[in-house]
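Okay, so here's just one chain, in structure tokens, the form predicted alone.
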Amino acid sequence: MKEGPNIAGIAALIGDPARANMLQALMTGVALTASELAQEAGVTPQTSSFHLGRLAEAGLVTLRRQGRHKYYNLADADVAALLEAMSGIAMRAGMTRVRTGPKEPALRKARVCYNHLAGEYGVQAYDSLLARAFLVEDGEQLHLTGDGRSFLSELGVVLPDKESKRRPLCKSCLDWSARRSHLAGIAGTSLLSFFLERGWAKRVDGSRIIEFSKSGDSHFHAIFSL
């Protein structure tokens, strides 16, 4: 008898096309209703509720009630990281859901990965912080140095005084399009919030795309030069 985690069970849940589309839609970090996810998956609301029940039982999504509405999110950053890594493997294997179109270059440039910046800009920010020793890789661990904390704080990025035991301050996340790391964790989320609050970038409705303004683009490259 085999012992240990049943990865086949999780793979089967994610592998269903309707459930995979739902999970991908939730990668924006925005809470969606069962009806909205039904549209994303191309199934009826009844079928959507069944799929979401299975995903919730497995701990892949969470449900939040507000009034008469039910909203769904990805359970946590670990689930998002798993989906991002699987997207990279799918791209490498040539398995894409749609033909290359106008949105693909924009997705590769800058997009939201659950709650942090991904794509070429996410990777550039990570590489820039790493090159200046603001970030230090220690095996699978990622640390923000004292100089790194000072740099981000002076920039205006809000960081907690103490690290949380439940969620790391810094974490590397494998980018599916660049196949290199970008910054996740509290610092990654705070950095994306900084860009959005400054008006340097904005979310594109109904998409994972993050669109930088001309001014935001200039500021980004000045701050995170390589």
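Just count from 1 along the sequence shown to find any residue number. Please read these numbers as outputs of a predicted model, since none were measured by experiment.
There is another form of the same protein, the form predicted together with the DNA; it is not shown, and what comes next is about it.
Between the options 43, 31, 58, 159, the residue in contact with the DNA in the predicted complex by a heavy atom within 4.5 angstroms is 43. With the DNA left out of view, the stretch that reaches within 4.5 Å of it through heavy atoms in the predicted complex is, among 126 to 134, 84 to 92, 70 to 78, 107 to 115, 70 to 78. Remark: residue 51 counts among the residues lining the DNA in the predicted complex, judged by a heavy atom distance of 4.5 Å or less.
Looking at residue 20, you'd find every heavy atom of it more than 4.5 angstroms from the DNA in the predicted complex. At a distance threshold of 4.5 angstroms between non-hydrogen atoms, residue 16 is in contact with the DNA in the predicted complex. Though the partner is left out of this view, residue 193 does not reach within 4.5 Å of the DNA in the predicted complex, counting heavy atoms only. Three-residue candidate spot 35, 47 and 65; every residue lies within 4.5 angstroms of the DNA in the predicted complex by at least one non-hydrogen atom.
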